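Shown next as structure tokens: one chain only, the form predicted on its own.
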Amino acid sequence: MVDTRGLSCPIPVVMVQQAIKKDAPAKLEVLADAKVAVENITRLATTNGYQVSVVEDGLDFKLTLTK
């Protein structure tokens, strides 16, 4: 799981990009608290061949990236 809450872009995107490059996971969960981070992470994930589902949980978002 990558927890990007409290961080502003582009740091959340960089963190997810590093996780993808390091392990090439089939499934990756990401926590975010900014809508712009959700949008940017989604864009990065789809570019890298992942499908993204987003669940809003209060003020946070849980993204699940799957190949």
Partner chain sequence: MKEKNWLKSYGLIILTGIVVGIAALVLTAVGNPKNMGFCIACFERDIAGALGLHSAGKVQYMRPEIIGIVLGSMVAALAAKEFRARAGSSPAIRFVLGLFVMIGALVFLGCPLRMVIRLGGGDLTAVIGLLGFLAGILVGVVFLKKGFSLGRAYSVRKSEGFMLPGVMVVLLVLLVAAPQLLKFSEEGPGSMRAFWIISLVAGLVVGLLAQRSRLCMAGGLRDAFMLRDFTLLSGFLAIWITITIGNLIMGKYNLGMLSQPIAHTQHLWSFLGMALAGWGSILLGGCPLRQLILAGEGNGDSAVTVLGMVVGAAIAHNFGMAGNPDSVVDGVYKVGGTSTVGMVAVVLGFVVLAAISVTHLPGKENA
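Here the structure is a predicted model, which is why all the values come from computation and not from measurement. Positions refer to the first chain, counted from 1.
Below, we refer to the form predicted in complex with the partner chain, which is not included among the displayed structures.
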Review point. Is the gap between K67 and the partner chain in the predicted complex 4.5 Å or less for some heavy atom pair?
Key: no
Exercise for review: May I ask you to check whether P25 falls inside a 4.5 Å heavy atom distance of the partner chain in the predicted complex?
Suggested key: no
Review point. Does V14 reach the partner chain in the predicted complex, with heavy atoms at most 4.5 Å apart?
Key: yes
Check your understanding: Taking 4.5 angstroms as the cut-off for heavy atoms, does S53 touch the partner chain in the predicted complex?
Key -> no
Check your understanding: Going through 2-16 from first to last, which residues have a non-hydrogen atom within 4.5 Å of the partner chain in the predicted complex?
Key -> D3, T4, R5, G6, L7, S8, C9, P10, I11, V13, V14
